[in-house]
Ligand code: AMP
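Single chain ahead, by itself, as structure tokens, in the form predicted on its own.
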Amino acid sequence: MTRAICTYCASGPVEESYLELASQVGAGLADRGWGLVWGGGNTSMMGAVARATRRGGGSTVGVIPKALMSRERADRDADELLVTDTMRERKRLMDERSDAFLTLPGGLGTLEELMEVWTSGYLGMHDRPVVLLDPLGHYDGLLSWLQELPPGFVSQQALQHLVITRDVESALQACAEPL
């Protein structure tokens, strides 16, 4: 069975450097013979990672709620496009279809997805890698805040469960590693 990597990333317009990063991730997935599981949108970073994965011969499984079909422009070129009724159902299906989770820069939705999969991982609800790819310092403020919280709010074990990388190769390698 082909390894499937779930990516979380921006669905809104972003500058070219972010789109290039997403394209590099998609190409890297395809180079390894891995598939992509993502939010099913064809815009911004979401679209860039999916198109690059397909260009390289990788398979793509998009999961999108009905309410976002036009807003995120559902990617009708996906090898498989699953349409859900709710965001919760979307995340459940993405989780079920994925061997690892890779977060790229994004906004509130991306952050919410990262936090949920990271939390469930360090609580022992899954044992798959949770990787944050942040070569541009997008999440530096968040990571500083988490490390500076008073003792007891975020354990050192929880912080160590998130693999933080600054380059695509390291991020993809981390997706292949067992916990």
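All residue numbers are counted from 1 along the displayed sequence. None of these values were measured; they are calculated from a predicted model.
The same protein also has a form predicted in complex with the ligand, omitted here; what follows describes it.
Of the heavy atoms in Ser11, some are within 4.5 Å of the ligand in the predicted complex. Using a 4.5 angstroms threshold between heavy atoms, Thr110 counts as touching the ligand in the predicted complex. Mapping the unseen interface onto this chain, Glu72 counts among the residues with a heavy atom inside 4.5 Å of the ligand in the predicted complex. Although the partner is absent here, Val49 lies well away from the ligand in the predicted complex, with no heavy atom inside 4.5 Å. For the three residues Met87, Lys91 and Gly106, a heavy atom within 4.5 Å of the ligand turns up in the predicted complex in every case.
Screening Ala30, Leu143, Leu68, Val154 for any heavy atom within 4.5 Å of the ligand in the predicted complex leaves a single hit, Leu68.
Only one listed stretch (52 to 60, 112 to 120, 129 to 137, 144 to 152) carries heavy atoms within 4.5 Å of the ligand in the predicted complex, and that stretch is 112 to 120.
Within 4.5 angstroms of the ligand in the predicted complex, the stretch 117 to 142 places no non-hydrogen atom at all.
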